[in-house]
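Just one chain follows, in the form predicted alone, and it is written as structure tokens.
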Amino acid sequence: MQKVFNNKMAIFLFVFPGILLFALTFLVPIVLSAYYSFRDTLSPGTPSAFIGFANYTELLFHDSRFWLALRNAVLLGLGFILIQHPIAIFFAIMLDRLGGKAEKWFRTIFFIPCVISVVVISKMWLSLLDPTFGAFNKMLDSLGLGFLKHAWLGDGSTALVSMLFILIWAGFGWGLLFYYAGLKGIPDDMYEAASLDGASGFRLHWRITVPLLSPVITVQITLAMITALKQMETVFLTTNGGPGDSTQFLAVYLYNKAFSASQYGYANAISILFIIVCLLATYLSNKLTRSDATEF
């Protein structure tokens, strides 16, 4: 075996299939996308002209819908980080303290939305929030709050908030699972030592749990930003970016430009900027979370 590892040709033969697969599924599509982004292309294979940075200029300086989609994606990412994750950490701590069969039952219940089809989730929330027959408006009626009834996904003033709520709810189980697993890796003697030093309640978790969960938090924040930026399926199946552009997200906007508006070159320009924004968000989230972790 040592001879194999010392043989550079053998190492190359082992690594080459993985490199080839990575190149064909990741690098080549990016290169082709960059190529088409500089051309006035309606669809792959059709005649097109080289137009330089015209697509990028239009996108960055004249396309308000792109910036609206980016803003909504950032708001979703902040919703994940500032709302979903703190609640997930809280419930993970509660489950860890609960123990027994109840812990297993609640852990399963919280994770159910993550294993349900996106189509089912989308149709379920469309039914629940239906302005006429939806269970949510009927519940408001039964509580004597009929004046609050609303077309939650059909009105631009509430559609974005409703969509953020749906997406935060749907992904809650993943955050809970990650933080719960992280808590299981924290030794009990750390809490015992802190308790002997007088720490308890919120201070105990702030000084012990949060710092020791910092590697998990870093990964979760990075995943949250990437998930928010590439969010498509649920939005596409519920509002498709409407009403108007109130729930427009980057991935939905890219899809509509490529396959509905037949602006393939323009859509590829969006995809390249999409990659750049994802890389920038990943870099910033890693940098910020690491700098915060060093303060503890």
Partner chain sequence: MTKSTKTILWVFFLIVALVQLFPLIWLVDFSFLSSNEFYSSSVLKWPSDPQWQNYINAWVDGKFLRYFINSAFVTSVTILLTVILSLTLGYAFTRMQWKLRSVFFTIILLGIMIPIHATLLPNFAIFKALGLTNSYLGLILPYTAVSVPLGTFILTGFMRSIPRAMEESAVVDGANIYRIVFQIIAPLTAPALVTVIVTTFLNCWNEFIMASTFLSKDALKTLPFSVMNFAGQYSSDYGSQFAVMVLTSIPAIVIYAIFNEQITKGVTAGAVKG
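Positions refer to the first chain, counted from 1. Note that the coordinates shown come from a computational prediction; the quantities given were computed from them, not determined experimentally.
Below: the form predicted together with the partner chain, not depicted.
Scanning 160, 74, 204, 124 against the partner chain in the predicted bound form with a 4.5 Å heavy atom cut-off leaves one residue, 124.
Of the residues 190, 82, 119, 210, just one reaches the partner chain in the predicted bound form with a heavy atom at 4.5 Å or closer; this is 119. Proximity of residue 288 to the partner chain in the predicted bound form: non-hydrogen atoms within 4.5 Å are absent; the residue sits far from the partner.
The partner chain is not drawn, but in the predicted bound form it has a heavy atom within 4.5 Å of residue 128. Using a 4.5 angstroms limit between non-hydrogen atoms, residue 177 touches the partner chain in the predicted bound form. With a 4.5 Å cutoff on heavy atoms, residue 271 counts as touching the partner chain in the predicted bound form. Of the residues in 135-152, those that come within 4.5 Å of the partner chain in the predicted bound form through at least one heavy atom are, in sequence order, 135, 138, 139, 142.
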